[in-house]
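One chain comes next, on its own, written out as structure tokens in the form predicted alone.
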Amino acid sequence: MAEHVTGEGRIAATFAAAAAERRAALVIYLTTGWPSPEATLRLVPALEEAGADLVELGVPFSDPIADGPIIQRASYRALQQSVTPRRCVELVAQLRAGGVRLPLILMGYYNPILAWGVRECVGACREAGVDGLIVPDLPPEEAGELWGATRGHGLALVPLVAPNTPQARLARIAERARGFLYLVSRPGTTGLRDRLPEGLADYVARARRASRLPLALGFGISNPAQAREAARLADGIVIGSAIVERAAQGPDAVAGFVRELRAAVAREG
């Protein structure tokens, strides 16, 4: 790319713009390469046009321990089509070349990053136009090399915390977080849920005491009603499985759902 705003800067500006519009930022997860690599190149622009603020592009992996059955199946199908981490980065470069400007964050597991080479992987991400990384299976105690590499290239390294994360540990994680803090709404994997768990307000309040970064709430938010409820608490909401489920139906189906979600996250008053 000839011009590149740093990932941290692009993400910060996006959350600030959403807050100025009195709404939560809409963070959309999509498995890269599902239902095909070509579909990813059509789906992401459709998400941007429909009102998504940030897009997480899931990197397919053979053992996605944080993901529920919908994303697991999508990841498996993408792997069958040779969607490797390098291919994911290439697709980001194609999306940027095609005019996509919203923040793009790669969400994947640590083994492929390690196999590629941490600094080489982060450098390729930076060159392609990736704004940040989310690595759900990398504990903060082992994240030093990746943290240093992302900081060196201006990319955000977004950590996940859970409702049962002790306050002292939450504070340590938040200290090194960049971009935003990803609040997992419940223990377990991603997936569709009938309702949000109890105690979210206290959980979000604990996270606010630990971090000045925007807080994004995800895992199990499946419909506009749940998005509206979560948007009253957090600065952003993350929708994954419900989007991946609709991706096979094409850009129009995904865009229509995102428009419903975008309307739901507006704050009243």
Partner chain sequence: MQPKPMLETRTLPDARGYFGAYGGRFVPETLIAPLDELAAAYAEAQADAGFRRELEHLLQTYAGRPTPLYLARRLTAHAGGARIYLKREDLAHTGAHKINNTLGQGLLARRMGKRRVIAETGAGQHGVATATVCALLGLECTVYMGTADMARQAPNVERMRLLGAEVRGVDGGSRTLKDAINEALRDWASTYEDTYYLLGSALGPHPYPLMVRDLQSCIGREARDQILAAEGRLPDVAIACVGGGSNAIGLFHVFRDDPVALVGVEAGGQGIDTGRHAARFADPHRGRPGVLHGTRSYLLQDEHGQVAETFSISAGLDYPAVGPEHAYLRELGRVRYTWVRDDEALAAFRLLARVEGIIPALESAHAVAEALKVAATMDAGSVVLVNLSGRGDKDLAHVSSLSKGVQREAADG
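Numbering follows the first chain given and starts at 1. Please read these numbers as outputs of a predicted model, since none were measured by experiment.
Missing here is the form predicted in complex with the partner chain; even so, the following discussion is about that form.
Visitor: Within a 4.5 Å heavy atom cut-off, is E90 in contact with the partner chain in the predicted complex?
Guide: Outside the cut-off, so no.
Visitor: With heavy atoms only and a cut-off of 4.5 Å, decide whether T84 touches the partner chain in the predicted complex.
Guide: Yes, T84 lies within 4.5 Å of the partner chain in the predicted complex.
Visitor: Answer for N111 alone: is it within 4.5 Å of the partner chain in the predicted complex, judged on heavy atom distances?
Guide: N111: contacts the partner chain in the predicted complex.
Visitor: Even though the partner isn't displayed, in the predicted complex is E56 close enough to the partner chain, meaning a heavy atom within 4.5 Å?
Guide: No, no contact at 4.5 Å.
Visitor: Check each of E141, E120, E175, E198 and return the one that places a heavy atom within 4.5 angstroms of the partner chain in the predicted complex.
Guide: Going through each option in turn, the one that passes is E141.
Visitor: For the chain seen here without its partner, which of 163-171, 96-104, 150-158, 121-129 has a heavy atom within 4.5 Å of the partner chain in the predicted complex?
Guide: Of the options, only 163-171 has residues within 4.5 Å of the partner.
Visitor: Relative to the partner chain in the predicted complex, which residues of 35-74 have a heavy atom no more than 4.5 Å away?
Guide: P60, F61, S62, D63, P64, I65, A66, D67, Q72 sit within 4.5 Å of the partner.
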